[in-house]
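Let's start with one chain on its own, the form predicted on its own, as structure tokens.
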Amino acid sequence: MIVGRLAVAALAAIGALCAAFPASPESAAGGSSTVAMRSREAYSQPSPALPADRLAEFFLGRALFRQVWVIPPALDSDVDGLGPTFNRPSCVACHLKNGRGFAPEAVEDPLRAMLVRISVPGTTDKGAPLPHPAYGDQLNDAAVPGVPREGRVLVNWQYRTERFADGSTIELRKPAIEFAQLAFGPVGDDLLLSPRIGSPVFGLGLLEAVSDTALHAQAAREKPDGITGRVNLVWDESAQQKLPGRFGWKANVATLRQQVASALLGDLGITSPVLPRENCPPAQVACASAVNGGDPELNEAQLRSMVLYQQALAVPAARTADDPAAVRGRAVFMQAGCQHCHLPQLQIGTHPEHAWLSNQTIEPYTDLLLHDMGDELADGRPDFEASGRQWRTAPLWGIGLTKVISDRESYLHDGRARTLMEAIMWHGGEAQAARERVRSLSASEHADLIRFLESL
């Protein structure tokens, strides 16, 4: 392996030292998996609750998450398997420091931390979106030598101005996606597409411990302002059945094992015990005949380490809970009705694998449910039981560190929002009433609201 036993042991010792400084109870957003850290490493710490004898496995998972995978065949067979087609050569390329991806600023810029999901009308026998017959379920803009890349994505921005009740304005932008240099012919007029940036990967083990019963109870809970909320039932390969979705922009993945395996195959072209077949649609002959890095290319032990890594990433503590502006901003957040979808607290049950993640209160500011967000945010691409207008409520914990982690702000599924206020002003559908309350606020109330979000 690239990371040897001595290096893993050293990293484990460093991790144990970092984990020795958990957050104070009043700011423990991630329960026992909270750390008090404000640096660029705030999303990258092991949970203080992670047993010491699992730290080496955690750091092996981190090494694989950061690994730049190589084209097979290679001398180091543990890390070959990239492609034949892919989007990026590593997980961290789209999740820098375990944080958010971002959209390109100019049309000629490449997609560095963004991809485009594609499908055609209809579903598979498992209820998933029906892949495009020539290009699959996402456009891969890179490929190994001897294999054509599928094409290139161009992002054009369309701008408009929104006005607040006090007369001030805000510029909003929306992406228009085009494809160029398509290797296997036109995509057709019935193509469904959805640009997606990478989402943060910390705290996911805690969200995995939210019980099915709790999700259904949240969906059944009475809510004001026409808010509903529903559970997305999705196919899980390991369980061989449909389960409630928790992960992904449309809650289209039920477990972290499925999430990791799907991202490896779709984004890097790496097969695993969960998804052992290369991502080569029938039209792509060179792809199907390319050399692979093993059957599968990621072994079971590696997959388990990568899953543990994401299960055990700690949540950064809220940082300015005693800041008067943040306290006022929290009241504004509640008065606007944001908390009906961005639930401040969830009680989690028994994690299916890890007792140290179980039975505690967390503060993720999400209900993990699907909500109709209106025409402006709609991608028109259904995903299992999620419609083309529905999105999972994104967790808000740690969101105030976005600029620290990524050196830029990029919010919503396609990275269109460059500030938190832009993200709020794109909310429609079930969130329209809350958005209009925010629109009517004074400048000082706007500032307090943003200060509160930045404190999370």
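Start at 1 and count along the sequence shown; that's the residue number. Note that this is a predicted model, so its numbers are computed, not measured.
Below: the form predicted together with ligand HEC, not depicted.
Residues placing heavy atoms within 4.5 Å of ligand HEC in the model of the complex fall in a single listed stretch, namely 262-270, out of 355-363, 231-239, 262-270, 124-132.
Heavy atoms of every residue among 90, 373 and 431 are located within 4.5 Å of ligand HEC in the model of the complex. Using a 4.5 angstroms limit between non-hydrogen atoms, residue 292 is distant from ligand HEC in the model of the complex. Proximity of residue 142 to ligand HEC in the model of the complex: non-hydrogen atoms within 4.5 Å are absent; the residue sits far from the partner. In the model of the complex, at least one heavy atom of residue 412 sits within 4.5 Å of a heavy atom of ligand HEC.
Heavy atoms of residue 316 never reach within 4.5 Å of ligand HEC in the model of the complex, leaving it off the interface. Checking 192, 326, 154, 338 for any heavy atom within 4.5 Å of ligand HEC in the model of the complex turns up a single hit: 338.
Proximity to ligand HEC in the model of the complex, defined as a heavy atom within 4.5 Å, singles out one entry of 227, 280, 118, 348, which is 227. Within 4.5 angstroms of ligand HEC in the model of the complex, the stretch 396-433 places a non-hydrogen atom from each of 396, 399, 411, 412, 413, 420, 423, 424, 427, 430, 431, taken in sequence order.
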